[in-house]
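For reference, the chain that follows is the form predicted alone, supplied as structure tokens.
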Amino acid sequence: MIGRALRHPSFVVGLLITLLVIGTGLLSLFWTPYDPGVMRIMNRLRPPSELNWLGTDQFGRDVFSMLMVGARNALLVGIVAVGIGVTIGVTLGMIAAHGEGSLLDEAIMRACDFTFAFPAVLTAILILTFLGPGVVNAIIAIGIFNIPVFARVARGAALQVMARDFIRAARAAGRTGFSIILRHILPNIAGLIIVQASVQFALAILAEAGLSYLGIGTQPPNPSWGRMLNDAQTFLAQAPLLAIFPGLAIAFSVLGFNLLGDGLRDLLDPKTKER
């Protein structure tokens, strides 16, 4: 399995980028070149140099330090938002699959359809308008839209597993529905859930950046890639690198998690295994 994974280009590239982002975020917990919240007006808009590897912003803050802390905040949003989606969504999907065709199944699926009917970002903006701006409320808004995604994925995968012979054998042996879900269904759909989680993680990072760009996501003084883009647009003529660096950080992070998801899908899909 490991040798096959190392020969899969999408998985290897996605894993390397993902590890770089995660490592940068973890490193920022203990060390950054400068305090990203300290303003040094006399050093404003400086180009990259030995002292400031990626230059400084309009307030003289070190861009590289802000990107490091921004990675940590993006990962936090992704982990919690996707965690909300997995926990609640998979639970609802299992309930719906277990009661296939029942009123509860219909209610859960129609609620998912209702959620999908509205653009995710616009609805997140509406939610944050009521709850107020902030990273916690942004996580809640993003997490809400992960729930129906995982609910549908889990239900569809669970129904396929439930149609197999070993599930019928488990029922004939007297196992309860809860026991069958824990011991037979969840282990068999875990790979699909992991793949979907990596894709949703990328979308969560992108959504957080978009909400912060609009000023309703992560709030000052906490650095955010999206807000760095918003601040940089005023200085595109004077310092275009201010917009390029956070833009690249967002693009590479999303690319990394998407490639990782594609690689995991191929590796965990039994149809693509080597014969």
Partner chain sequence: MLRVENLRITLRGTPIIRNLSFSLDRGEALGVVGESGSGKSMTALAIMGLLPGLMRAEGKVIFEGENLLDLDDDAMCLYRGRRIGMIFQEPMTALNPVHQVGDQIAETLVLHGLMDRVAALREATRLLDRVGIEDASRRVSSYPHELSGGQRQRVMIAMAMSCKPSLLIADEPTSALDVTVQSEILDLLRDLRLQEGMATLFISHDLAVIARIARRTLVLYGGAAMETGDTGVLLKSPRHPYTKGLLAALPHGHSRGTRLSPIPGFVPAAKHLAPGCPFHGRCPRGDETCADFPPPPSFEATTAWCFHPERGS
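Residue numbers count along the first chain shown, from 1. Worth saying up front: this structure is predicted, and the values here are computed from it rather than measured.
Heads up, the form predicted in complex with its partner chain isn't pictured, but that's what we're talking about next.
Which of 181-189, 144-152, 111-119, 83-91 lines the interface with its partner chain in the model of the complex (heavy atom within 4.5 Å)
Only one stretch passes the 4.5 Å heavy-atom test: 181-189.
Proximity of Arg72 to its partner chain in the model of the complex, heavy atoms at 4.5 Å:
It does not: once its partner chain is placed as it appears in the model of the complex, Arg72 has no heavy atom within 4.5 Å of it.
Does Gly174 reach its partner chain in the model of the complex if we count a contact as any heavy atom within 4.5 Å?
Although its partner chain is absent here, Gly174 would touch it in the model of the complex, with heavy atoms inside 4.5 Å.
Should Val136 be classed as touching its partner chain in the model of the complex when contacts are defined as heavy atoms within 4.5 Å?
It does not: once its partner chain is placed as it appears in the model of the complex, Val136 has no heavy atom within 4.5 Å of it.
Would you classify Ala169 as touching its partner chain in the model of the complex, given a 4.5 Å non-hydrogen atom cut-off?
Ala169 belongs to the contact set for its partner chain.
Looking at its partner chain in the model of the complex, which residues in 120-146 have at least one heavy atom within 4.5 Å of it?
Read in sequence order, no residue approaches its partner chain (within 4.5 Å, in the model of the complex).
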